[in-house]
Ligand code: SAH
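Starting off, we have a lone chain in the form predicted on its own, written out as structure tokens.
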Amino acid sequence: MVHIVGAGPGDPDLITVKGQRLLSEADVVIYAGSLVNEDILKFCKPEAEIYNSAQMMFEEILHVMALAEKAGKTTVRLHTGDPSIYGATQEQMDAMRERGIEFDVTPGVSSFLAAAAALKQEYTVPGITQTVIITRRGGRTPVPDTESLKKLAQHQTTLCIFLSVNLLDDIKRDLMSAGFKSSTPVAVVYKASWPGEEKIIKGRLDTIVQQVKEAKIDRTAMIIIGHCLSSTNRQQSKLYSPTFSHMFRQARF
């Protein structure tokens, strides 16, 4: 059996209880070394075979999985954050299906959620936005034209942008050409949740490029853009309002 496990955003304690158990039981561990905090490998048993997939090709990864399966060993394929977001897991799952390798998936805490925790921020603020768009800007790996930032930005929702901090100047131009004001709040969270390494940069669309450049952040960062980051024009949720009834509580006024 191969267990695809989300390692969480960086802090080893943010792996799920199930993920930690699977990791501690694994005979073979293949981890995404370019992004996963290696401190999480402390949960592995001493005799586990550990491979860093950052140094491997696709077929090499599958070969290790197939050998482990043939030997009756349990494998954990450890991905950063949650495997369903920019994890390149679909191609691995498709290949395992073709080879008859049994697998399952254990979700993890994504970095866009860890960034919200670091900012002490809710993305879906009543009266401001109820929608979050998770995306990335096209670079060496393109995105479909229908999903360009210019088009997505027209919705004026909260934007959580992965894998693009090195393209921040391009992002600024895309968003401003789509109607975002220069005063739009922006936050960049570097290594969200990583003990001793997390950095938070807050600014505006017209200042954030220089701020991030001065902070020397060029990778491993989440970009959050939108008016949810503003402290003005917020409304209180109706969920706990004394004037609002629902199936668990009657209105008092």
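Sequential numbering from 1, following the sequence displayed. This structure is a prediction, so every number in the text was calculated from the model and none was measured.
Same protein, other form: the form predicted together with the named molecule, not shown, and the subject of what follows.
Visitor: Go through 173-181, 140-148, 95-103, 82-90 and give me the stretch that gets within 4.5 Å of the named molecule in the model of the complex, heavy atoms only.
Guide: Every other range fails; the passing one is 82-90.
Visitor: Which one of I40, A68, A221, V212 is close to the named molecule in the model of the complex, taking close to mean a heavy atom within 4.5 Å?
Guide: None of the other options qualify; the answer is A221.
Visitor: Just one of C228, L35, C44, I208 has a heavy atom within 4.5 Å of the named molecule in the model of the complex. Which one?
Guide: Filtering the options by heavy-atom distance leaves L35.
Visitor: Might L119 be said to contact the named molecule in the model of the complex, defining contact as any heavy atom within 4.5 Å?
Guide: Outside the cut-off, so no.
Visitor: Is there a heavy atom of L163 lying 4.5 Å or less from a heavy atom of the named molecule in the model of the complex?
Guide: The answer is yes: L163 has a heavy atom within 4.5 Å of the named molecule.
Visitor: Flag T75 as yes or no: does it have a non-hydrogen atom within 4.5 angstroms of any non-hydrogen atom of the named molecule in the model of the complex?
Guide: Looking in the model of the complex, residue contacts with the named molecule do not include T75, since no heavy atom lies within 4.5 Å.
Visitor: Quick check on W194: any heavy atom within 4.5 Å of the named molecule in the model of the complex?
Guide: Yes, W194 is a contact residue.
Visitor: Could you pull out the residues of 173-189 that have any heavy atom within 4.5 Å of the named molecule in the model of the complex?
Guide: Contacting residue: only V189.
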